[in-house]
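In the structure tokens that follow, the same protein chain appears in two forms, which are kept apart as structure 1 and structure 2.
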Structure 1
Amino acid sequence: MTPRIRDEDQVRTMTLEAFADTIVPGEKRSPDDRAVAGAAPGGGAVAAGALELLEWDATGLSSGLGEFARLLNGHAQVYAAEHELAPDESVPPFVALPFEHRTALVQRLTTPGHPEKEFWVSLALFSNMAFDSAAHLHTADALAAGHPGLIAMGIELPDPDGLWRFPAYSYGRQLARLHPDTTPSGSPA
């Protein structure tokens, strides 16, 4: 018989990572990784720091993450029973779901009319935010560490002095001439 996970922090972490991986999938961190399903190449929300962002008190969600995990695992148990999926008590119920069933359950929870929709959409938005903006990190630090979302979007490193400059115009042409009183740092005189 496979041992059951009893550590609440481990259950919370694995469950939230599996949810974030469902929103922005990535590759497994190791062959025995169960939270990250490995449904996409490269780093996804988990590698981008979704759990760190969710745990940041600025999100307004951090104090309720344990309850999110508990609710999600409860929904996963009901879903698994409905679909006659064999339980795997070695991991939390949501983590035990195959990826396609994780996505189906998240779709159910985020569908208009679901009584908890706002909670699950919030969790999904922050999972996505970790990937596409690294909101919990300084951009230069995130890029230097190889943040998968910022790199995937083609965000380039700043100049050696830490500032971003764009010598090629994004519209392919200069939109306005530089004011003659602009200082070398780019500030108005």
Structure 2
Amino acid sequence: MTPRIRDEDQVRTMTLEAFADTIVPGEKRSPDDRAVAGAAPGGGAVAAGALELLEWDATGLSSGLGEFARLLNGHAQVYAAEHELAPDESVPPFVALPFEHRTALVQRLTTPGHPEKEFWVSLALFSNMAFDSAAHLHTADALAAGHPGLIAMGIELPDPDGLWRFPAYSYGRQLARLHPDTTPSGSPA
């Protein structure tokens, strides 16, 4: 038997995690992880801290997160009915969707013309930012702590003072002919 969903907070967290995991998918945190679908190897947006970022009021989204989760679950119910997917009452309706259906629903919600597109796009933007820029953490700290997104992208470590410098930066030679109509100061004529 699956445990009953305890409260609204848990519904909201699981739903938002499942959304973030649809944007940048990752591996399950434990075998019984339901929110993270496990659609890709390595940590995804959730492991990268998407919920921490979204819950931070600096984003401007935090106060609306409960509403986002409620709306998303509403859309998921409609979607599941359309596709005659067997209901699973043990988790929120969006979490109950298999990964490819989560993906299809998010595509629908973010397609130009959808009346709520703006909301879903902003949720997607911040989910993505948790992974590719760790916008809730100091970048140097995130790298030092092995942040899954920054590490996966291969972002270089900074110098000990926390600043990036690349003393080697150029192939150092002419690699193309110049346009014939270039002015002496280097502009197009």
Partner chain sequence: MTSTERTDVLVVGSGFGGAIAAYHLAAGGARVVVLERGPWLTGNDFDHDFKLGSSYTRAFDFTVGDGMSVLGGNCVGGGSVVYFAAMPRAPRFVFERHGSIGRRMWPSAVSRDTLEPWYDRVEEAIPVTKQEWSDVSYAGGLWAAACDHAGRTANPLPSAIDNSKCANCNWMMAGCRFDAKRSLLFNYLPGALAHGAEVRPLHEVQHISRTDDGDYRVHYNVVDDEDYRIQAGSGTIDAKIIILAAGAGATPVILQRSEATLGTMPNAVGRYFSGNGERLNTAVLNEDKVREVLGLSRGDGLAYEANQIGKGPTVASWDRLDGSLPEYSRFSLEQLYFPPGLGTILAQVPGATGPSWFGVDKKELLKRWRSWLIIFQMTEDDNEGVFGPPPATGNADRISQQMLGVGRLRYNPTANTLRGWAEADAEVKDILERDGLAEVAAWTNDVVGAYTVHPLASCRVGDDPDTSALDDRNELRGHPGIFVTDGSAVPGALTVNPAMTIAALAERAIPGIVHAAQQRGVNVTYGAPSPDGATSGRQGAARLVPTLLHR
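This structure is a prediction, so every number in the text was calculated from the model and none was measured. Whichever C-alpha set is largest while still superposing within 1.5 Å between the two forms counts as the rigid core. Counting starts at 1 and follows the sequence of structure 1.
Between the two isolated copies of the chain, the form predicted on its own corresponds to structure 1. Superposed on the rigid core, the forms differ at residue 168: its CA is offset by 2.5 Å between structures 1 and 2. For residue 180, the displacement of the CA atom between structures 1 and 2, after superposition on the rigid core, amounts to 34.7 Å.
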